[in-house]
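One chain follows as structure tokens, the form predicted alone.
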């Protein structure tokens, strides 16, 4: 029986597995599709800021693979090596045991990890937003700091606990800032202090907030951020991070206990270990998503440098929209390599972006129609509800949106995610050291 192994359960791997098994079933093909992933779900990452802000429960943004990928063999593990000559994949299971899988076709879609820089203290004291653990940790940590500040007797420490630094003013970082702002406002009302005492600092080296949405909508987003009391500093980043303060790139010291690093992504660590050509940390592929020199190996998503045929010389950006559509093309082309159907090149038609800016506001440019305010809010939430690939999750998220519109956000730090759970290595699927 022919074996197709897919690495990664993100947007690309998930969509590829779902489509491919349907194609092969229709053709009555003698093939087995296996998906290897460190987790047993597909994570709908665009709603992680909503999880961090206490709008959406972390369960609602996870799509269980066993429920959604019927007919696909699921293997829990983190891929660590590929033998292209012997056609085997080595992976480490949750109990740290090395295992192997044989493949006839290999699909590499391990996704991306947070891009870190050589900034002292960054990996130790900052947190990202690539996993539910990181989102839950940020929510709990922010609330805990606000609660501690409420009973603290040291003015300097109170100000530090009520200062939140977010690095990265792209759409993920911007959405995180406004959602945490709304959460902090709810906490202030319920604990009985002035919300203005909670200081938010949003940094980015870029010249514009969210350059992805264009200059006009970016300017509208910047105005909303500043109206909500978020101090936006462009052309600025961090020089150092300590447990109770950061040093900005202009040498200014800011006392804080909360630093979120949301500056971009790079290909998963597996990619660099393969010995294949890469571009900006992503695996080079042809326009049909085949890896050059390896006719039985395909790659796409955040881990692949997929040529953008609509912009010659460019590669597609690591967005959920690209990843999902590449997954569909992957399924078709892998099936074609097995003799079922014909291949096609990946050519993207940009449907626009949606950015949630907290209560009652968003910006969006669907089909190049620029929207802001309540109309954009409706489009943004409708898009997410349609894009989530499971009815139960859509239902749960829609109820969460309705609840948020009617009631104040819950101020409760449940401790669901520890500091170790939310470190950058853990978000890459690297298991934590076992206790002695």
Ligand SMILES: Cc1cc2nc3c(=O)[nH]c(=O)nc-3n(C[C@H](O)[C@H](O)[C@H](O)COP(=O)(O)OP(=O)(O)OC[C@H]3O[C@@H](n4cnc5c(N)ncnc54)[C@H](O)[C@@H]3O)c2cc1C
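Residue numbers count along the first chain shown, from 1. These figures come from a predicted structure and were not determined experimentally.
One more form of this protein should be noted, the form predicted together with this ligand, which is absent from this view; the next part is about it.
Proximity to this ligand in the predicted bound form, defined as a heavy atom within 4.5 Å, holds among 169, 329, 129, 164 only for 129. Interface membership of residue 320, defined by any non-hydrogen atom within 4.5 Å of this ligand in the predicted bound form, is confirmed.
This ligand is not shown here, and in the predicted bound form it never comes within 4.5 Å of any heavy atom of residue 204.
Contact annotation: residue 36 falls within 4.5 Å of this ligand in the predicted bound form, judged by heavy atom distances. Although the partner is absent here, residue 307 lies well away from this ligand in the predicted bound form, with no heavy atom inside 4.5 Å. Of the candidate stretches 196 to 204, 296 to 304, 283 to 291, 209 to 217, only 296 to 304 has residues whose heavy atoms lie within 4.5 Å of this ligand in the predicted bound form.
Applying a 4.5 Å heavy atom cutoff to this ligand in the predicted bound form picks out no residue from 237 to 251.
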